Ligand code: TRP
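In the form predicted on its own, a lone chain appears below as structure tokens.
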Amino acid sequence: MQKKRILSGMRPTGKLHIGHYVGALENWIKLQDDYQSFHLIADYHVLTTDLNTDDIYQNSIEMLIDWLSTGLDPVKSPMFRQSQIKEHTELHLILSMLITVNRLERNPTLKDQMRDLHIEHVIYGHLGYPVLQTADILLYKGNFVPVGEDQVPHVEISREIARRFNNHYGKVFPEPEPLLTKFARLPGLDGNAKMSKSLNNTILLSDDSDTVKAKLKKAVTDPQKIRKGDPGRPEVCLIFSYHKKFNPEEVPDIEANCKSGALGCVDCKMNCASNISALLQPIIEKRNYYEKHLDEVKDILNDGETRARVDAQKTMIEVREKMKLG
């Protein structure tokens, strides 16, 4: 049986952090054996919030290196830049005729982005972000999209547009379904609900052990636990949430010792740092290899774009035939 297809992607912002790993990459790696996966470097999507294109290529390479270093296999799954597959823009134009402005304005993710980025007047391309995302998915006939809960509304828009095209012109596209990530979001070091480089509250996948320790020393904890001996509240502590992901075996002991006051915050943080660094060490070693072999990275990208282009062209031939535009 032919494997079901997955389309997953990220905007290229350069080196990735552990939030990206927990929220997406870890899941992608697990899925690549059971599904036919396509991994999109969403460079056009950058333009929805930032018109500066100076760093897009270098950021794409840095992100691709992190993808490879964490375990994504370019043989199993093509990795490619959206801007290099021209069919993305063609399908986006066609699909934009199948949804109303009012429907796009009801997208809760758009409202959240406008609030978080302090945007007063949304641009046309930002409003239509979910339509371009739909083109990204449907171009490769994606059956599933790995997302966090905050992205589910986008997938629902994709399902609506696929259904509308199929009903009007004839069956071409599957209606994609979300595959929810268990750890959808990792809090930032400052306690912010979102880990983000723009907030300077991240641990990068490329951070060495000393850097991880230094960053965790400054991380927020339970404000009522001032010194060792004070009873703590692990349920409100950022570091405890990290332990649950990166050090699950010790969680019961850490919880008990924190509540009793036997465990101090500094020791707890250094324990957490050691476990995070143990995860990052093999990733850093692979990253060092790829940084010294950039031609290999570029060859992987070129190969992925060649393979993705074949599928994209086949889909658009079918779309044009159904629409009698051949």
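Numbers for residues come from their place in the sequence shown, where the first is 1. Just so you know, these numbers come straight off a predicted model, no measurement behind them.
Keep in mind that the form predicted together with the named molecule is not shown, yet the notes after this line are about it.
**Student:** Please pick, from Leu40, Leu280, Cys272, Leu64, the one residue with any non-hydrogen atom lying within 4.5 angstroms of the named molecule in the predicted bound form.
**Tutor:** Of Leu40, Leu280, Cys272, Leu64, the residue with a heavy atom within 4.5 Å of the named molecule in the predicted bound form is Leu40.
**Student:** For the chain seen here without its partner, which of 131-139, 92-100, 238-246, 224-232 has a heavy atom within 4.5 Å of the named molecule in the predicted bound form?
**Tutor:** Careful reading of the contacts points to 131-139.
**Student:** At the 4.5 Å heavy atom threshold, is Ile203 in contact with the named molecule in the predicted bound form?
**Tutor:** Judged by the heavy-atom cut-off of 4.5 Å, Ile203 is well away from the named molecule in the predicted bound form.
**Student:** Test of understanding: in the predicted bound form, would Val319 fall inside 4.5 Å of the named molecule by heavy atoms?
**Tutor:** No.
**Student:** Do Asn143 and the named molecule come within 4.5 Å of each other in the predicted bound form, heavy atoms counted?
**Tutor:** Contact with the named molecule, no.
**Student:** At 4.5 Å between heavy atoms, is His45 in contact with the named molecule in the predicted bound form?
**Tutor:** Answer yes; at least one heavy atom of His45 falls within 4.5 Å of the named molecule in the predicted bound form.
**Student:** Do any residues of 11-29 have a non-hydrogen atom within 4.5 angstroms of the named molecule in the predicted bound form? If so, which ones, in sequence order?
**Tutor:** Result: Arg11 alone.
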